[in-house]
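Single chain ahead, by itself, as structure tokens, in the form predicted alone.
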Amino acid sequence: MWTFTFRRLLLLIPTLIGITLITFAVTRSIPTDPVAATIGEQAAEHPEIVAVYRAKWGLDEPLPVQYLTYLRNLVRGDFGDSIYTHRPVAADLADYLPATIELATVAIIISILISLPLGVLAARFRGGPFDGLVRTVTTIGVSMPIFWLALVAINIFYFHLHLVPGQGRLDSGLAPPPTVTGLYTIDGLIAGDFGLVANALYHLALPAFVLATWSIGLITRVTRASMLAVLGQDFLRTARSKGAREPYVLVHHAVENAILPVITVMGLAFGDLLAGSVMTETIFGWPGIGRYAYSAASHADFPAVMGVTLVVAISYTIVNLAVDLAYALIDPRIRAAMS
């Protein structure tokens, strides 16, 4: 398994190089001058200022030179400086990424806790009223636009019912915990401040649930389909004939044999939650990389856009590797093939 993991990590290098090349080409093809977008009217009135800024960010160099310079800096851990915030992109990502990880993690936990039981029970009672209700609700969840659901949720639960707090990760005036991981819930537990943990979860609840709606529908439908493929197998009838109770048969026989496709979808869903939280974070005022990416794209901040893209690509690769390793832990046949 260690050899397999090492090979997968080596494949990360050409993958990331290809991503940087594609991202660089796409961002440079956009007909927008980042200097003009940053300094506004001064760009037209003072061309000498534009020349200074272009030289500062290396935009006056040929494109191949710009790309090679970016790769050289990237090897040293330098993502460049943000054109909009005037800070190192690495520092911006370090500030914003933990909030997205925390939001996506809570969202995927919510998705798993809801979708697995729904998918298993829908398959168990196939064709019945419960199965029809689950299929209808999950279809709506998959097809519903997240930005619309976020606006509706804020309107109902914040403005009318006053059940959830406003924007941000904590109540105003409440200081964040000492930074260890950047995740307020974890750092609050480390600091022993359970009131702060409760407040952080209070702020997480609605945006995490809204973000989870799509993955709940997807994981539920895949769980149902995978369970249906297993429930008709002979080994389940054998287990029942030996006197095993139905809950035991479902959990210890059916679910264990149907879980591998579900794990794949869970991994992809978690990657999508990390990458696709732009609208959710923007609407809820959540200070994550989704909101940072939206701001960077709005201001043609090429270094920031490329930094976010690279972080998302690395996240997807790590999640896929974790899924493969989870396969090996669950299925001894796959573990033997990886050895």
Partner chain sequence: MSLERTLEAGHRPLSRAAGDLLALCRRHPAVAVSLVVILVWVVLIAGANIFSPFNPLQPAMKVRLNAPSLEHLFGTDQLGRDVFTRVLYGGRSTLAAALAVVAAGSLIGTLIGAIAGFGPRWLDEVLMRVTDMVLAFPIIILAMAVAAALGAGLGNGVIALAAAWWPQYARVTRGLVLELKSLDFVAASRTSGRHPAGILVRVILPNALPTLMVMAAVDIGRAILNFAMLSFLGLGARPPAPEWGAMIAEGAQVMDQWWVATCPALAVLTLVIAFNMIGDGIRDWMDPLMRRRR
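Everything numeric here is computed off the predicted structure, so don't read it as measured data. Here the rigid core means the biggest group of C-alpha atoms that line up within 1.5 Å when the two forms are laid on top of each other. Numbering follows the first chain given and starts at 1.
From this point on, the text means the form predicted in complex with the partner chain, which you will not see here.
Between the partner chain and the residues I140, L161, A198, V251, the one pair within 4.5 Å by heavy atoms in the predicted complex involves I140. With the partner removed from view, the residue among A94, A229, L113, L174 that has a non-hydrogen atom within 4.5 Å of the partner chain in the predicted complex turns out to be A229.
Here the chain stands by itself, but in the predicted complex one stretch of 104 to 112, 176 to 184, 73 to 81, 132 to 140, 132 to 140, has heavy atoms within 4.5 Å of the partner chain. When contacts are judged by a 4.5 Å heavy atom cut-off, W214 counts as touching the partner chain in the predicted complex. Mapping the unseen interface onto this chain, A51 falls outside it, with no heavy atom inside 4.5 Å of the partner chain in the predicted complex. Looking at F302, you'd find a heavy atom of it within 4.5 angstroms of the partner chain in the predicted complex.
A residue is said to contact a partner when one of its heavy atoms sits within 4.5 Å of a partner heavy atom; Y316 meets this definition for the partner chain in the predicted complex. Along 142 to 171, residues V142, S143, M144, P145, F147, W148, L151, V152, N155, H160 each place a heavy atom within 4.5 Å of the partner chain in the predicted complex. With the core superposed, N320 shows a C-alpha displacement below 2 Å between this form and the one not shown. Once the cores line up, the CA of Y67 ends up 2 angstroms or more apart between this form and the one not shown.
By 3 Å or more, the C-alpha separation between G18 and D324 shrinks in the predicted complex relative to the form shown here.
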